[in-house]
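In structure tokens, the next block holds one chain alone, the form predicted alone.
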Amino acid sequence: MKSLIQERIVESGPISFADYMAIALYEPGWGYYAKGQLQVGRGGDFYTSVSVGSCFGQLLARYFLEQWREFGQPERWRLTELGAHDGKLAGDILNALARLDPSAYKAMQYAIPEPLDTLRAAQAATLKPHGPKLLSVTHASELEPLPGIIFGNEVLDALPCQLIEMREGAWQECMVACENDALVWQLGDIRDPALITATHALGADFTEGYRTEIRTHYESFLKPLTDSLSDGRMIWIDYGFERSEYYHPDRRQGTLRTFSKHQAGEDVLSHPGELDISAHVDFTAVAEACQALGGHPRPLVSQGNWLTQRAKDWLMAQEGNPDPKAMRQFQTLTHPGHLGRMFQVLEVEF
């Protein structure tokens, strides 16, 4: 993988960090997510809400059912999951839907836009019992408009981002270059029009050496998804902040990290293709992109608060005869000391 990146730099010069991140994570046959290896869970590199157990998917399924009923129980509706990985969350949701409301399950289509062959194969294997419900496509643009819900758990943080640094009162772009067989940083003038606009919006009131990441393509990422939605909503669950907190003066080195064996690292140019690379989400930017596409964002809330609100009926049903395993999972998902405060939820109505 390193030699592949070096070859591209030799051919065309230093590349943006967004290009580097896209290669390192998604290059077919080479990228971290393209290898089809076990990355999630106790034996992998990072732990997600899905890793806690089936409670997360069951609570999502209950909320999705509520929305289907609010839509008027259409004869055809769709759930679209982004970043479905090996299909574990999809399986938990589909199992719960089939059990809770067979008529909603019968009317539903479960779509997973996935460009990587290895992950499509893994999803098909995991979801074999629900095969007729699964629609596997390479891109959301292949989906016809239907009412439903589009959602992603820890998807936006893995979208490629650009890296910028403040030097002498002006933003510079952090490019990836090659020097003595090593991948190194090289600062350069910003030429990408979208990045120029975004940095002007940030302003220049930052200290020398302040480095942060920025994503300028949320709208182009979301547009094919909104086109596939005739009525419904989006739900994004991820690490992140609103803009004022994201670009706080004290956050001098941004949020860019690698993950391997549950250990965070800061050298994002080391071992490309072998480490997960992640940067937090500017949820203000996501909300603005959704508004530009006709959406109506709700206030950002923590996962703990959001799931607790969604789980009211389920929690009432637990009174007197609780399921100890399910309650332990719920506490892990919602407690501020566990995952409840770690993740934020942005819900957008369309």
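Numbers for residues come from their place in the sequence shown, where the first is 1. Quick caveat: nothing in here was measured; it's all calculated off a predicted structure.
There is another form of the same protein, the form predicted together with a small molecule; it is not shown, and what comes next is about it.
Checking 147-155, 187-195, 168-176, 250-258 against the small molecule in the predicted bound form, the stretch whose residues place heavy atoms within 4.5 Å of it is 147-155. Just one of 240, 113, 272, 232 comes within 4.5 Å of the small molecule in the predicted bound form, counting any heavy atom, and that one is 113. Only one of the listed residues (221, 71, 206, 105) places a non-hydrogen atom within 4.5 angstroms of the small molecule in the predicted bound form, and that residue is 221.
In the predicted bound form, residue 183 stays away from the small molecule, with no heavy atom inside 4.5 Å.
The small molecule is not shown here, but in the predicted bound form it comes within 4.5 Å of a heavy atom of residue 33. In the predicted bound form, the small molecule lies farther than 4.5 Å from every heavy atom of residue 215. Contact between residue 293 and the small molecule in the predicted bound form is not found at the 4.5 Å heavy atom cutoff.
Within 4.5 Å of the small molecule in the predicted bound form, a heavy atom is found for not a single one of 96, 130 and 134.
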